[in-house]
Every structure is written in structure tokens, then in C-alpha cells.
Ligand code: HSE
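Here we start with a single chain on its own, the form predicted on its own, put down as C-alpha cells.
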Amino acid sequence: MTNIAIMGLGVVGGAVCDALFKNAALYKRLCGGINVKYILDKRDFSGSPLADRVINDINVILKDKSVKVVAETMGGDRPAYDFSLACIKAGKSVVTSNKLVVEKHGAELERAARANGVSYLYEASVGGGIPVIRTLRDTLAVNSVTGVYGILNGTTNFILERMEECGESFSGALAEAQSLGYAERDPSADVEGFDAARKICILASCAFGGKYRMEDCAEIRGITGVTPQSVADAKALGYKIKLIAGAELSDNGVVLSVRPCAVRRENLLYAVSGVFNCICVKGDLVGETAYYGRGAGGLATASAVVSDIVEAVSSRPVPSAARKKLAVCKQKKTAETVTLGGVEYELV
């Protein structure tokens, strides 16, 4: 039985706890069992069945040598980054769902993990429960990857779908997404493309080596400028407007971008609906592969977090990526375009 700690008992942290208790017998067979010894949270959980595990001092975790793995499900930059680094330096593997920390500080945290003989794992940071990071790191590592692209943000996919199906304005579709809990009160990270940009940087780092950051993107453009007329024109021509994030290998390096595109009916991404994600990977040996599933939500994300916990408990530290980082190219390839509602969209 391995002791772990969970930092943050929100939607994802709570779902991780639920999964660990629900499937305890399964995890015992997989890795000898997992015990949630501590839950770090500043809130009061008196009356909760988890109350005896809740603490509010990170030092309790850092000083307890029996805790081998820490799951960071806090969100945000600070103190999530500081706590993760402290846990790694204390000889504890860290797994996370925090895309902001991975994109911003992942290189440093991975170096620290290697130096301390532990792992830093982040499958849940992209695509919810879709197992794409481990696939890139392991199964597709024998390929020279030429491109990674797809729908990485379910909120924007839902909004664009409602604009198409119901003729809603952007603001109306956004309000509906917020009422259903798909969009935050401040939706800027989603609708301005920043969430998708962080995710494509993480995927590019796995696919092409090194670490790519948001400032490496040639373009980050969200969906706030998509009008009902553009959506209607696309529908009339047999297209759908989708927010596409991509990292593509060009003659001069890797081109990273996030932008609304007109998706052809024959493209697999055309059929991706609601808050689902779909990630496509092109390899020189395997050709094009696709990975589809729920891109957010407590249970889907918890699946990836728990998978990383089991890996951290079961295996030796994850080695550094064998791929050497490729240069960044800010010049996008010339692509076929179509004008919709007076605005030019790339066709994919």
C-alpha cells in the first residue's frame, strides 16, 4: 500500500478521491494499493467523511517520508507550482492536471524530478481523460511526428455548435455554456484561445522535444470574432467553424497556432460535437491517428490523474524525452482559405 497526498479538493481532486475509493480493489491488483493519507485544502471540511485527512499546511506532506506521490489538482499558477517543486525536492513524485503550470514551468519541474529520482507526470493537463500524452511519449516515440492538431477546448466547440444549430449570437451561446457549467464566469482563457494554446504547447513539447511556450505560437486567435453570418455561410457551404490548435513541422521548424478554421465535411473533426475533444497525430510510420473523448469534467480528468498515480507508484522515474527540441517557425504555411461572413478562414 502506497501513501499519497492530494493538493486541492475541488471538482478534479474530489473525483480523484472518489475513483481511488471506488476502484480500490483494482488499484491493489495494479500496484499494490493506494492510500490517500492527506488532502491539502484551505477550506473546512468538518462533517465530511474525508475530514480526518484534510490538512492546511504543506509542510505536513513534505516532512512525511511515507508519502511517495502527490497529486496537484489545485489549478492556477501559485501556489501550485511552488508546492509541486517543494514536493519534488522532498523526493515525492508529482502528478498534475494543471495545464498552466505544465506549460509555464514544466521544463523546470521535469528537470527537478530527474535530479531527485522521481517523476513529474501530467497526462490530465490535455484532453481530460484522453490518453494522448503517454501515447506520444511511449507508443508513438518510434515515429518522427510531423504534426499534432485538433479540437482541444470543449467550451468553444460547444459555443460554435450552438451558434450553428440554433442561430445564436456568440454572447447568447456563451451565456448558455456558462449556465450549464461549461464556461467559467471569466471565459477569456477559453474564448480567446489561451487554454487551447497552452495545451498545444504541451503536446508539441511531447511530440517535438524540449519545451514550447505560448510566446512560441505564430498565432493565437479565439472565437470572439466569429459572427452568426460567418457560421451561417459556413453551414451553407457544407463546412463547420471549429477552433483548431495545431503544431506542424515545416521546412523551417515547428509552427504552432490556434485559430478558428472552416472544417470540411470529410475531416474527422467535422463530427466532433459538444464539449468533446479530438486530437490527431501524424507520424512518419503510423500515418495519421486520432484520439477522441471528453476533454474536461471531474471523472474524465480523474481517470488521467489516477493513471499517472498508478504509473508513479508502479514504475521507475520517467526518463527525459529522447527527442531534441526543433526550432520554432513563426511563418505559417500558405493554406487554402474561404471567406465566410466577410472574414477569411483557413480550410482544413
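The structure displayed is predicted, hence computed values, not measured ones. Between two forms, the rigid core is the largest collection of C-alphas that superpose within 1.5 Å. We number the residues from 1 along the sequence you see.
Another form, the form predicted together with the ligand, is not on view; read the next lines as being about it.
Asks: Of the residues 208, 182, 239, 81, which one places a heavy atom within 4.5 Å of the ligand in the predicted complex?
Replies: Contact residue from the list: 182.
Asks: Of 132, 94, 152, 247, which one comes within 4.5 Å of the ligand in the predicted complex, counting heavy atoms only?
Replies: Going through each option in turn, the one that passes is 152.
Asks: Looking at the partner-bound form in the predicted complex, is residue 195 within 4.5 Å of the ligand by any heavy atom?
Replies: Residue-level check for residue 195: yes, a contact with the ligand.
Asks: In the predicted complex, is there a heavy atom of the ligand that lies within 4.5 Å of any heavy atom of residue 103, even though the partner is absent here?
Replies: Residue 103 lies outside the contact set for the ligand.
Asks: Even though the partner isn't displayed, in the predicted complex is residue 296 close enough to the ligand, meaning a heavy atom within 4.5 Å?
Replies: Answer yes; at least one heavy atom of residue 296 falls within 4.5 Å of the ligand in the predicted complex.
Asks: Residue-level question: is residue 190 within 4.5 Å of the ligand in the predicted complex, judged on heavy atoms?
Replies: Residue 190 belongs to the contact set for the ligand.
Asks: In terms of non-hydrogen atoms within 4.5 angstroms, which of the given stretches 154 to 162, 114 to 122, 251 to 259, 73 to 81 touches the ligand in the predicted complex?
Replies: This holds for exactly one stretch, 154 to 162.
Asks: By the 2 angstroms cut-off, has the C-alpha of residue 186 moved between the shown form and the other one once the rigid core is superposed?
Replies: After core superposition, the displacement of the residue 186 C-alpha between the shown form and the other one reaches the 2 Å mark, so yes.
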